[in-house]
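Just the one chain here, laid out as structure tokens, in the form predicted on its own.
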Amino acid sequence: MTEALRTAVDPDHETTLELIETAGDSLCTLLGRCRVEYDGRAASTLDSGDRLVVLKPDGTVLVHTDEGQQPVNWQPPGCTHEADIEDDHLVVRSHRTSPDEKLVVRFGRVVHATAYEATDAAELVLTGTEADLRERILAEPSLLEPGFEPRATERETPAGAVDIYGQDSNGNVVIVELKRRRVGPDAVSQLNRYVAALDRDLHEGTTVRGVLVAPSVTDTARRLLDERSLEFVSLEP
């Protein structure tokens, strides 16, 4: 692993330029003080600051600050990037042809640079999704309650599509809203809108029950459930 990694601490611009130019299919990271300019569908300038720039072998460029999970500037896969030294600055340019976009990063100083021959053939496998929760209930409806019969999924209502539409043992309509994590008042309000929409849409005299399914709810959400005569079932995906 170490043979595939090249790193430079507080390098001069010539050392960093050589690292970038000889990186080939390596993943490069540059940490330092830089200014960022973008010109394309819009135009932007990010004045000098300490940032992490990632150059991926597929052409992706990411510019990260010390806050947030999203880059402040980026270029998608398929772009070309090159580097040069101009006026005592290391300049990294990324160009996209369609649409025509240019990202220019000017480093006054690089404090750390790496080039690593990264390989990753693994596929992301998601677990614990709302789809998993839906499949659990469809496979074993009694998890919701004895006698529950699912009739449809993603059934459209005037307020949107409900996750599971079914009927209880007494013939009442049951609307099931699924959430894979602990939820708050917003989920209760969403379920209430579905119930109210079906109350207006179905035949007079039809009872519509709303059931929120999630691992847990907040105290505020539980109070709202009680106030609006809605129900809660604790279930993990």
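Quick caveat: nothing in here was measured; it's all calculated off a predicted structure. Throughout, we count residues from 1 along the sequence that is shown.
Not on display, but discussed next: the form predicted in complex with another copy of the chain.
The candidate stretches are 140-148, 110-118, 162-170, 82-90, and the one lying within 4.5 Å of another copy of the chain in the predicted bound form by heavy atoms is 110-118. Heavy atoms of Arg51 reach within 4.5 Å of another copy of the chain in the predicted bound form, making it an interface residue. At the 4.5 Å threshold, heavy atoms of Thr45 reach another copy of the chain in the predicted bound form. When another copy of the chain is considered in the predicted bound form, Ala131 lies well away from it, no heavy atom lying within 4.5 Å. Taking the partner from the other structure, another copy of the chain in the predicted bound form has no heavy atom within 4.5 Å of any heavy atom of Arg222.
Contacts of stretch 17-44 with another copy of the chain in the predicted bound form, defined by any heavy atom lying within 4.5 Å, are made by Leu27, Thr29, Leu31, Gly32, Arg33, Arg41, Ala42, Ala43, Ser44, listed in sequence order.
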